[in-house]
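Given as structure tokens, the chain that follows is alone and in the form predicted on its own.
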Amino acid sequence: MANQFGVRIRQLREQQNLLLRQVAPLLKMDTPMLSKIERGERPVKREQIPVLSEILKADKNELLTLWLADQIYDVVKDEKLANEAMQVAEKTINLKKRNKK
């Protein structure tokens, strides 16, 4: 499991001198689960990202971007054609965005 998201969450939490046991209940989880999220051993739910962003006074889009990047990496990490597939996906996303306008 990729862990850019977890590393950033830990950085933000530590910068604010917050303990795991202070943050975990605000997310309706126990301390060991939050620790596993920070270590990349357990995924966080997408709906928890805005809550984390508020608790940690962080940019929600930054956290969501890191979360999505980790999700994508986990899907394609062992694929030979991962970079090519991501380029095709990027073109598709951009095309669909242009068509919506």
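This is a predicted model, so every value here is computed, not measured. Residue numbers here begin at 1 and follow the sequence given.
Just so it is clear, the following notes concern the form predicted together with the DNA, a form of the same protein that is not shown.
In the predicted bound form, no heavy atom of P50 sits within 4.5 Å of the DNA. The closest non-hydrogen atom of R21 lies within 4.5 Å of the DNA in the predicted bound form. Residue contact with the DNA in the predicted bound form: P43 places a heavy atom within 4.5 Å of it. Residue contact with the DNA in the predicted bound form: S35 places a heavy atom within 4.5 Å of it. Residues are counted as partner-facing when one of their heavy atoms sits within 4.5 Å of the DNA in the predicted bound form; in 4-19 these are R10, R13, L19, in sequence order.
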